[in-house]
Every structure is written in C-alpha cells, then in structure tokens.
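Only one chain is shown below, in structure tokens, and it's the form predicted on its own.
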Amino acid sequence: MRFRAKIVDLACLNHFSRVINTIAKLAKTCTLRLTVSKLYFILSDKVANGGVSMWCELCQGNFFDEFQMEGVAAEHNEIYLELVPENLARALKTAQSAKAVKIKLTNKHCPCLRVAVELPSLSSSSRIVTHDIPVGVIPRRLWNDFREPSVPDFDVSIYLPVLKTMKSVVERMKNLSNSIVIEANLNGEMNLKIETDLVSVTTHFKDLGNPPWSNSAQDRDLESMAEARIDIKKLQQLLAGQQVNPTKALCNIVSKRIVHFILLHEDVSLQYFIPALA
C-alpha cells in the first residue's frame, strides 16, 4: 500500500487548502478514500441516529502535479484512511507561499500522512517544513460502510439562494431556536421558518429555479411545499464552513425525513445530508 502526491501550482494548492478547511469545519474526523483518479472525504454518521453525513469528491488531476498510489490489492486498488481533517488543514496553512507540497503515506511508528512543505528561501537551499498527521488504516472488510450515500426519492429539488445571504439569515435565526424548517416547492420558492411559543419568523425566497431533474416529481402540485425541520446548528455549520464558492448549490427535500444539499464547483462536489427532527 503506497501513496505519494505533489502539488506545485500555487492556485491548485490554495484551492485544495480551501476544500480541506471546509471539510474541517464539517467533520471532526472523516475517512479519506484514495483511488487512482479521485479523492473522497467521507463522513458517515448514521443518519438514522440523527447524525449528518457528507460525501466530498475531488478529481486528483485538477489538484496534483504528481499522484501515485497502490491500493491494498490489485483488484481493490484503493486506500481508506481515517484522519482528523483539522490536522491536515493546519499543515496546509504553512503552505500559502510554498514552492511545492508533497504528501506521502508513511509508517514509522504508526501510519501517518507526511506533509512536506517546501518554502522559498533567500539562499540556494530550500527550507522544508514537515508535518506528520496520524491516520488509521481502515481494513478492507469495513469499506462497505463508506459507500456513496443513496439519495432517497425527494419531493422537491430547488436551487439555493446566494449562500452568503442564506448564512446571514440562518445566523440571525439561530439565536431564536434550535431548529429551522426548510420548505420549498417546484415553483422556485423556498422559505426558512422558525416557530417557537414566543416568535415566528419566516424568510421567503422566490424565483430560485428548480433543477431539470426535479421533473421526476411531475405529478406534484407546483405550489405545494415539501418541508423538513432540521437542527439549525448543522445547517449553520454547512453555510459557515463554505470556502469553495460553489458554482451551483441546491437542496433536495424529502418531506419530514431529510434535507440533502449538493454544492458543485468545477472540480469538487460536496454532498451533505441533514436528517429531519421528529
């Protein structure tokens, strides 16, 4: 089992850092799945227990100048590692003006991802700062726990408003309640609602548009709202952690069951599932 990769391009490096920062804000620990063409960051708290789950996919070719890996076996050419994304985010912070960053799977005293940051220096010799990030190797028999989450048949799919706007609305609302109702219809309308004994607040968004595939819910009345009540902190965490400025952001609502967010950037896709509260 071997893995080594290198980023030389500064724009790619900064973009990769932003992705890792976003993930670090969403997950204390996560699984890094490495394949020949892609990296996946996976958080699979069982949604049944009220946990959120996350699936973030990156095409390695858009980030890395070199990328070599050998999986656990020829027919299972993948590696699954458990890590604390905050540690990786911290290591990459030192790399903002780096000439190159190398990442390598090593095993001195325990399995580690070694991040070697080559910094520019005035003399001819370069300075290298090395970070060893402990990882756990996930055995082959557990891999099935980390498959891409299936998207349940949704009632409504809708594009999200500008995330910054949505974030400031949610931040104001979170002082009033622990939960928020998201409702939307196939007419491009979405409401964020808070209802407590003392106060009821609703923010309306119009003309958001519905993705083309939302026709799968064709027999549904365009005006009728699908809604789910979710933990407001989990929603705020998703909005506050965003550093990749997605080109498209949308959500699918399965009434009273789950809200599934999809944030798409040219070379990164992030899915985030927040279960509905009873």
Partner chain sequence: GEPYVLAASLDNARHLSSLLRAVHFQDHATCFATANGLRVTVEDAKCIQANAFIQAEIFQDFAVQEESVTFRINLSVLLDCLTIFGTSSLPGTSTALRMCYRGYGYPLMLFLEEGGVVTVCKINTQEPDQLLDFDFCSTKVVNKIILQSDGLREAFAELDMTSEVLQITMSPDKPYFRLSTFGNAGSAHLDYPRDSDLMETFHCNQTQTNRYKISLLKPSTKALALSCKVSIRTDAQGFLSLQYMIRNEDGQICFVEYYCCPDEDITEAEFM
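Note that the coordinates shown come from a computational prediction; the quantities given were computed from them, not determined experimentally. Residue numbers count along the first chain shown, from 1.
Although not depicted, the form predicted together with the partner chain is the subject of the following passage.
**Q** What stretch, of 191 to 199, 133 to 141, 113 to 121, 75 to 83, brings heavy atoms to within 4.5 Å of the partner chain in the model of the complex?
**A** Looking at the partner contacts, the answer comes out as 191 to 199.
**Q** The partner chain isn't shown here, but in the model of the complex which of K108, R172, R147, K93 has a heavy atom within 4.5 Å of it?
**A** For this set of options, the contacting one is R172.
**Q** So which of N87, T203, N187, S179 gets a non-hydrogen atom within 4.5 Å of the partner chain in the model of the complex?
**A** The residue in contact is T203.
**Q** So in the model of the complex, is the partner chain close enough to S168 to count as touching (4.5 Å, heavy atoms)?
**A** So S168 counts as contacting the partner chain.
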